[in-house]
Ligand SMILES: Nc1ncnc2c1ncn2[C@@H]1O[C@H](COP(=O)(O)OP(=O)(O)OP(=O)(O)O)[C@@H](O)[C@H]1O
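Next comes just one chain, in structure tokens: the form predicted on its own.
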Amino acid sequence: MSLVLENISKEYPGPGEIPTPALAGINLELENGRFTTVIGPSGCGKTTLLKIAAGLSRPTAGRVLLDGEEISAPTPKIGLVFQEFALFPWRNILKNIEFGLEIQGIKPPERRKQARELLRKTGLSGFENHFPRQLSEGMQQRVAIARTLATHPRVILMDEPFGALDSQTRNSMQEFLLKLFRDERPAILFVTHNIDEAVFLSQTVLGLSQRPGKIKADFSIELDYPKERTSTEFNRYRREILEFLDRERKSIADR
């Protein structure tokens, strides 16, 4: 399965009749078993790109294809995880994870079975009757990821999912996500501002330019999992990506 973004551009209404461009000419293909991260200056269209890929927003030009079929609305085949956990506070953890299966019409015994298996995979067994407010932020994000996995998406889009976590919890969640990635083998498109996170998680890091966002850099991270954050090669990739971001920031400042 592959998700293809074909010549995607996006404009928003601006002052008067002048539109504000957000993205321009994005071409990208995501394949099963590939972890791709997008970085770039603030306001370069990273979140807009994810929303278009998820079918939540229509591009001004171009199209999104999933296995050759155009995507114009959300589909269970594409899962989306935001920085905000977006859990239902009135539902316990088990019922939060069941939600997507419930919408699909899966009968209660089967959806409970699948939800409990996801609790096991995400290290949340024993917390099924807890409510979101009773869990740590890291555990809540695990629930959000488990709820996304419940519908068996083959593409997972993640918008800075660990941005609000402390550094220790963030590192733990990165390890957790990599284990799920290696077990499930989906295609993942991940947005972050954190260079260390991008190198640690990804096989490919794409750099977006200043607005309107274009793919201006493509870094192939040729490191085997698990990656050693303090290695010479790891830090070489960090330095290359940092230099790219610095160039983009300077070009904005020089405008």
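Model, not experiment: these values are computed from the prediction. Residue positions are given as counts along the sequence shown, with the first one as 1.
Heads up, the form predicted together with this ligand isn't pictured, but that's what we're talking about next.
- The chain is drawn here without this ligand; in the predicted bound form, the stretch among 66-74, 216-224, 196-204, 38-46 whose residues come within 4.5 Å of it by any heavy atom is 38-46.
- Taking the partner from elsewhere, residue 13 is found to have a heavy atom lying within 4.5 Å of this ligand in the predicted bound form.
- The shortest heavy atom separation between residue 24 and this ligand in the predicted bound form exceeds 4.5 Å.
- Proximity of residue 34 to this ligand in the predicted bound form: non-hydrogen atoms within 4.5 Å are absent; the residue sits far from the partner.
- Contact between residue 231 and this ligand in the predicted bound form is not found at the 4.5 Å heavy atom cutoff.
- Residue 160 is the only one of 137, 128, 102, 160 with a heavy atom lying within 4.5 Å of this ligand in the predicted bound form.
- For the partner-free chain shown, just 211 of 202-240 comes within 4.5 angstroms of this ligand in the predicted bound form, judged by any non-hydrogen atom.
- Between residue 84 and residue 171, the Cα distance is greater in the predicted bound form than in this structure, by no less than 3 angstroms.
- In summary, the C-alpha positions of residue 20 and residue 84 converge in the predicted bound form, ending up at least 3 angstroms nearer each other than in this conformation.
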